[in-house]
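We begin with a single chain expressed as structure tokens, specifically the form predicted on its own.
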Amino acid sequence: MALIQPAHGYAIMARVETMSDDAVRLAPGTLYGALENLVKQKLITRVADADPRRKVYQITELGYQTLAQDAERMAHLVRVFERTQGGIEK
């Protein structure tokens, strides 16, 4: 979700931290390894930037579809949990 808008590494780390209410802090090594894997899977892509030294990334259509499917899967799990809280079906 941090790449709905194009961003470079530092901005991605800051967005993740903000979006997670400071619960998740990515180390640069972790972030760039993850970005490389997401590029290989075609879930994100590098986009041009005015500063050629910066690597800027953005989610792809495939990445957005995958994100939406994962969000729906998690929402389903929450609904199942809420229905069965305490082991009692509501």
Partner chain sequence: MKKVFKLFVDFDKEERWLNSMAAKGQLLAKAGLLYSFTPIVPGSAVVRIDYRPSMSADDFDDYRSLFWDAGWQHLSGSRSSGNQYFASTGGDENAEIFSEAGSKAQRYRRAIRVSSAVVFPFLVVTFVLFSSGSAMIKTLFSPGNWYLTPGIWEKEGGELLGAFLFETPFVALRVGGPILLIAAVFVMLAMIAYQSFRYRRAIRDSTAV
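Positions refer to the first chain, counted from 1. All of these numbers come straight from a predicted model, not from anything done at the bench.
As for the form predicted in complex with the partner chain, it is not shown, yet the points below apply to it.
In the predicted complex, the partner chain lies farther than 4.5 Å from every heavy atom of residue 79. Residue 61 falls outside the set of residues with a heavy atom inside 4.5 Å of the partner chain in the predicted complex.
Taking non-hydrogen atoms only, residue 41 never approaches the partner chain to within 4.5 angstroms in the predicted complex.
A residue is said to contact a partner when one of its heavy atoms sits within 4.5 Å of a partner heavy atom; residue 16 fails this definition for the partner chain in the predicted complex, lying far away. The partner is not shown here, but in the predicted complex the stretch 34-63 reaches within 4.5 angstroms of the partner chain through a heavy atom at 36, 53, 54, 55, 57.
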